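Only one chain is included here, represented as structure tokens and corresponding to the form predicted alone.
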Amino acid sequence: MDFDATRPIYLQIIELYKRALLTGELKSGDKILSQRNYAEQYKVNPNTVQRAYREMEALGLVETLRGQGTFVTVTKKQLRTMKEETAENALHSFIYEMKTLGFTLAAVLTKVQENWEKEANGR
């Protein structure tokens, strides 16, 4: 796991779990790695992992059951909200970059459509 040194690792851990939830890799009821195992596997400070898990509990994404482990508890409504927020953030970044590079809306739409079709056709 390569973490970005410019951003807090605990936030990156949360983002990784959110991505796994959004892609369906993780589903409600799934057990996730223990904090200790996560720290060992990804060479992260256990306190950092603990903070990430605490934050995910506060967000209602997971629940830790003493002696049993930590389980995904995300609802369909939470998933929809996360999906919308993620899409909005990605679009904001994309639009900002395209404007910075001097592309017009028409040029951006053309590029998006061309690349969308390439991806649909397996490049």
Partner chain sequence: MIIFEKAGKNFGRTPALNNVNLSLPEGKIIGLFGPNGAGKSTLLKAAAGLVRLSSGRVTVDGKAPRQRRTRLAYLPEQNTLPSNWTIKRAAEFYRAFFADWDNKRYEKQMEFLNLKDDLRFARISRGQRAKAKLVLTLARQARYILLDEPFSGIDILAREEISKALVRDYSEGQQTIVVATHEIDEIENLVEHIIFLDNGRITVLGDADELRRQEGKSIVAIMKEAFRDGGK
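Since the structure is predicted, the reported quantities are computational estimates derived from the model, not experimental observations. Numbering follows the first chain given and starts at 1.
Below, we turn to the form predicted in complex with its partner chain, even though it does not appear here.
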Exercise for review: Report yes if any heavy atom of residue 43 sits within 4.5 Å of a heavy atom of its partner chain in the model of the complex; otherwise report no.
Suggested key: yes
**Study point:** Heavy atom of residue 9 within 4.5 Å of its partner chain in the model of the complex
**Key:** yes
Practice item. Give a yes or no for residue 48: in the model of the complex, does one of its heavy atoms lie within 4.5 Å of a heavy atom belonging to its partner chain? Key: yes
Point to revise | 4.5 angstroms heavy atom contact with its partner chain in the model of the complex for residue 82 | key: no
Practice item. Report whether all of 5, 36 and 39 sit within 4.5 Å of its partner chain in the model of the complex, measuring from non-hydrogen atoms. Key: yes
